[in-house]
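One chain comes next, on its own, written out as structure tokens in the form predicted on its own.
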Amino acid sequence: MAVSVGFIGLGNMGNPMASNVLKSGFPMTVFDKNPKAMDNLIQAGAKGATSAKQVVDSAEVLLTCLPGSPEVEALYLDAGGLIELAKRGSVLVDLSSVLPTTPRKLEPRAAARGVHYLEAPVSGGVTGARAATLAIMTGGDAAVLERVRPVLRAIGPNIYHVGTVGAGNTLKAINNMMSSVNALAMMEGMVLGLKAGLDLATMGKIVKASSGNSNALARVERNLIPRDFEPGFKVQLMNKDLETFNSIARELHVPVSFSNVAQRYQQAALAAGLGEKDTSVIFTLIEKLAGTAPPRA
């Protein structure tokens, strides 16, 4: 019989990940503070819970996907939290992007109760979550990873064991910093080209075939040309991940500069009330600064 899986946190990333685990044949119980977030999963065959406790009671492997460290630490460590409620021998897997200090707090507390814990932040955005192509960066006991690998394989084929707890979220912060800096450099270049009279689609096509190519160029067709800034990865979440990277850099005394510039762009978007939009929305801020923003319809 397939292992029973629980999933808590069914937002933009959690919902499609849970859906793919369910499609892979694992019996699943789900919970989110927003009951409507569970509807599509219940219709697809999952059991809807009314509390985190109901999920813990029904699951051998429990996956969580929450916004950040405060939410994760509250869910796991508060009185009546997951670590207190989890059954001995069960596995708790946190897919959230958090400070490395968070999994370092959770693992020993879980181990003291005979509960296994893994951090497993993911990369690939909402597109990757829907397509089940996410990269998964796990920290913790490698033997526990092998136990839950069939479940994780349902959300992405690229599953990596990075090291002890904290290592996975350190690498996730590095990845997101590089992704953000890359995308912002692309957007600055595209705005300069627009002001010089070049065509956005043409620039994207040519750079994609040249040495400036990167994954960021996919945003030209997906976001910039149609001006579609509905969230794939929200500004507020990227700001949080850049803060994590910069915090690690300060702790380790590593001089960084590009990450600080990238975070200033995220904070400018937050100040403009764009925190719930996709990070590509920063393109519109660069346009305004450059005087190339299109007139309002």
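This one's a predicted model, so the numbers in the text were calculated from it and none came from an experiment. Numbering starts at 1 and runs along the sequence shown.
Below: the form predicted together with a small molecule, not depicted.
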Next item on the list: Consider the chain as shown here, without its partner, and state which of Leu92, Val122, Leu152, Val165 has a heavy atom within 4.5 Å of the small molecule in the predicted bound form.
Entry: Val122
Next item on the list: Considering the small molecule in the predicted bound form, find the one stretch among 40 to 48, 55 to 63, 254 to 262, 25 to 33 with heavy atoms no farther than 4.5 Å from it.
Entry: 25 to 33
Notebook entry, point to check: Looking in the predicted bound form, is the small molecule within 4.5 angstroms of a heavy atom from every one of Met13, Glu71 and Val126?
Noted result: yes
Margin query: Residue-level contact is defined here as any heavy atom of the residue lying within 4.5 Å of the small molecule in the predicted bound form; does Leu242 satisfy this criterion?
Written below: no
Next item on the list: Verify the contact flag for Leu75: yes if a non-hydrogen atom of it lies within 4.5 Å of a non-hydrogen atom of the small molecule in the predicted bound form, no if not.
Entry: yes
Next item on the list: Check whether Thr138 has any heavy atom within 4.5 Å of a heavy atom of the small molecule in the predicted bound form, and answer yes or no.
Entry: no
Margin query: With the partner left out here, check for me: in the predicted bound form, does some heavy atom of Ser96 sit within 4.5 Å of the small molecule?
Written below: yes
